[in-house]
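Listed next as structure tokens is one chain, alone, in the form predicted on its own.
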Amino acid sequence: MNTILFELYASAVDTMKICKQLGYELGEIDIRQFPDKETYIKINSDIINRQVIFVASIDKPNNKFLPLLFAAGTARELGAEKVGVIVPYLPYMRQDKQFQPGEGITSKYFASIFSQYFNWMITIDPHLHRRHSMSEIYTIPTYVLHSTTPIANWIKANVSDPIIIGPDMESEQWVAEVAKGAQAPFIVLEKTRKGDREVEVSLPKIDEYKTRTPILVDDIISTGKTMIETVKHLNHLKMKPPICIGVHAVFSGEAYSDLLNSGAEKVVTCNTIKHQSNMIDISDLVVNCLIENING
């Protein structure tokens, strides 16, 4: 199928690399706002009877989600055969149950709307948490890719004698994969959360690894509070300054600078959200998924 790819919102993923390796055309699209803040969409490339793929970083989603849907609707109206989307960071996965009476389960509503506009979706390490699979809320094929190998490869190439530290017991399987790829031991934090921005942490058996370089890994760095408390704890133990690695560079408020100022040696993220900390490229994961599942 003749495929054309459109990049929205200055995606961090290397769209030129994807197009070059797969022979896709990089399409032209105009997205802007009218003076009244409504969205204007204009697709300038021929898409009749073609597969259209949008690559969209939709962190801070409230201003990006509706234009993405309008772009997909425009593509269908203009004759696209299929419309797929690559969303490296998938928002609205946090609220996956009703924690208190009256709350909306926004992950379910988001997925329902999303599934109406696209034929398929590719995403990286979505925060499933209490859900076992994307199919519980998405009715389209969803291809979930994992960043464990690129992260492990970065650690192997850049850090000697590491100890991998995960954020909680729920992350143990994911952290174990990173550690296996990096050929390093791992431990997971024991933490007590006292609110959205207050966390107490402890590290079991850390004395066994006091001479190693701590590598803190997590899927999302948002407030950074857990990592900050862990960095302070490691500094108190007089370990080497830790390296903090996150898949998704959400970084609410001053979280990035706060994390660096807490004593971290550096902060490294995957290029799912455009940020100065992007050092780990996940583009090859996307290319391989497209070859295996979409191009055929």
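Start at 1 with the first residue shown and count on from there. Here the structure is a predicted model, which means the values were calculated and not measured.
Not pictured, yet referred to below: the form predicted in complex with another copy of the chain.
With the partner left out here, check for me: in the predicted bound form, does some heavy atom of P241 sit within 4.5 Å of another copy of the chain?
P241: no contact with another copy of the chain in the predicted bound form.
Hey, in the predicted bound form, is G27 touching another copy of the chain, heavy atoms inside 4.5 Å?
Output for G27 is no: heavy atoms all beyond 4.5 Å of another copy of the chain.
Proximity of S133 to another copy of the chain in the predicted bound form, heavy atoms at 4.5 Å
Taking the distances in the predicted bound form, the answer for S133 is no, it never comes within 4.5 Å of another copy of the chain.
Even though another copy of the chain is not shown here, does I113 get within 4.5 Å of it in the predicted bound form, heavy atoms only?
Yes.
Among T123, N119, T74, S171, which has any heavy atom within 4.5 Å of another copy of the chain in the predicted bound form?
Here the answer is residue option T74.
Can you check 157-165, 173-181, 141-149, 83-91 and let me know which stretch has heavy atoms within 4.5 Å of another copy of the chain in the predicted bound form?
Comparing against another copy of the chain in the predicted bound form, the contact stretch is 83-91.
Under the 4.5 Å heavy atom criterion, name the residues of 31-46 that approach another copy of the chain in the predicted bound form, in sequence order.
Result: R32, Q33, F34, P35, D36, K37, E38, T39, Y40, I41, K42, I43.
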